[in-house]
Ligand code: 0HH
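Only one chain is included here, represented as structure tokens and corresponding to the form predicted on its own.
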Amino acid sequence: MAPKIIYFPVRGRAEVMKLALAAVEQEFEFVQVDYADMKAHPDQYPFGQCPRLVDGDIDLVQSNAILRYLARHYKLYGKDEKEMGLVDMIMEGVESLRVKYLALVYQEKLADAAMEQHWSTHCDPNNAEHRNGGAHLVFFSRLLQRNAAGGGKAFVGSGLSMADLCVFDIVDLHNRIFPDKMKEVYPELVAFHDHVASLPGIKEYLASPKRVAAVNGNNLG
């Protein structure tokens, strides 16, 4: 039986899960749930949140727990303990930036001033040493360039890992809001994004109806 991803009808936090399964060419089922139904079944959603993954007798919620399960199960976690630790580290870094991104887009209106502040605090390399809660695109640029084995195409080792998919998604989200700035300031991250987008399985998924059109709950960003 194919793994089942249960989530709202948006990309949101389920997107990296889908990318991971697409990357290993594993078929999956996407089941949409509404908020009221989710809240009405605390036995199925013990934290009152989605996404949820059901894979045989595995039944999990909490996004990063699901991603780590998929990474272990589908060999997207690096080749040894050192690489696993680096994958975890980068995933946590992405989570720090994702929280800031969500604070930006979940506003009644995506105002220019808010966008400018987000770019200044979390994207402008000139401000990387200022207070940013550990959330800045330049950190990922440095890590990508530091991994010589990846040659600009992998964050950990030389092969695809869950770290790459998490970074791909957060870069993808910023590309939507700041397309020109991203190309100008972070060409290496844009090139990395384009490389991942062209990988077998992922390329087909991105062009398929399985990729939900709505990016998030209010479709801003």
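Just so it is clear, the model here is predicted, and its values are computed rather than measured. From 1 onward, residues are counted along the sequence shown.
Keep in mind that the form predicted together with this ligand is missing from the display, and what follows is about it.
Steric access to the site is open in the shown form: after superposition of the site C-alphas, this ligand as positioned in the predicted bound form comes no closer than 2.4 Å to any backbone or C-beta atom. Think of it this way: in the predicted bound form, this ligand has a heavy atom of just one of A191, I177, M38, V185 within 4.5 Å, and the residue is M38. Note that among 22-30, 41-49, 159-167, 191-199, the stretch whose heavy atoms approach this ligand to within 4.5 Å in the predicted bound form is 41-49. Of the heavy atoms in V10, some are within 4.5 Å of this ligand in the predicted bound form. At least one heavy atom of G217 is located within 4.5 Å of this ligand in the predicted bound form. Scanning 98-133 for heavy atoms within 4.5 Å of this ligand in the predicted bound form gives just one residue, Y106.
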